[in-house]
Ligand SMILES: Cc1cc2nc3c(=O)[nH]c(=O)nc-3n(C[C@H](O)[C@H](O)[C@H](O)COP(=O)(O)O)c2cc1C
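Consider the single chain below, provided in C-alpha cells and representing the form predicted alone.
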Amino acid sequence: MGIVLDLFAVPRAERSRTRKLRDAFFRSYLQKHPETQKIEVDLARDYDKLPAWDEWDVQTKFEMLYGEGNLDEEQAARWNALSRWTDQLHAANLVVVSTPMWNLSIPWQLKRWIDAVVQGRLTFELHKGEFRGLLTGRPVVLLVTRDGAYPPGSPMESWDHQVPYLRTILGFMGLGPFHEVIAEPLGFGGAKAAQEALDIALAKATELGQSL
C-alpha cells in the first residue's frame, strides 16, 4: 500500500482555489489507487505544532548539524518532536504540496514546515564534502495558484520565488522528480480569464492524478 503525504497551506478552506486544485488531483489519484493511505498535514491549522525555533531548538539543530550529536534531556525531546515531521517524509512514496503564492513566494506556514524538515542527519547529509539528500525515490506533485502569471521566458519569470524555490529546497532533500500544475493568472487578468485558467489547471490536475 502506498503512502501519500498531502501537505497543504490553504487558509481559505472551501473557498480556496488551491483547495479545488488539490481536490481535483486527489479525486483522480485515489480513484486509480484506492488502497493509498493519505497523510494530511494542514499547515494553516496545525502550524503551531511545528518547532518554534527558540533557543533550545536552534541549539539542538546546531549540535546535530555541526557537533557530535550529544544532546541533553531537553534537546533530545526537541529532536524527537522534530523527527516526527521528517518521519512522515521518509514514510511517503509520493509528496503532494498544495499552496498559493503569497508575496511572490510561499505562505509562512509552509516556510515554517520547510525550516523544520530540512535537517542534517534527518533529510540530508554531508558526504565527501558534498550535500546529499536522504529522500530520493519520492516524486513530488506541486499544485500551485497565483494571481499573476510568471511563465518561463517572460519578463515576470524572475519574480517567481514560489515554484523555483520549492523545486530547489525539496530537491535538496533528494525529493523528485517534480510534477507541476500551475493555475495562473487568477487575479490580474479579470474574472473570465481567471475562470478559464482555473478550469485548465483543474483538468491538468485530474489528468496528472490518473497518470501517476
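None of the values given here were measured: they were computed from a predicted structure. Residue positions are given as counts along the sequence shown, with the first one as 1.
Only in words, not in the display: the form predicted together with the named molecule, which the text now covers.
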>> Using a 4.5 Å heavy atom cut-off, which of 34-42, 147-155, 168-176, 47-55 contacts the named molecule in the model of the complex?
In response: 147-155
> Looking at Trp102, Trp79, Phe124, Trp85, which is the one with a non-hydrogen atom within 4.5 Å of the named molecule in the model of the complex?
Replying inline: Trp102
> Might Leu186 be said to contact the named molecule in the model of the complex, defining contact as any heavy atom within 4.5 Å?
Replying inline: yes
>> If we define contact as a non-hydrogen atom of the residue within 4.5 angstroms of the partner, is Val10 a contact of the named molecule in the model of the complex?
In response: yes
> Applying a 4.5 Å heavy atom distance criterion, does Arg17 contact the named molecule in the model of the complex?
Replying inline: yes
>> Pick out the residues of 108-135 whose heavy atoms come within 4.5 Å of the named molecule in the model of the complex.
In response: none
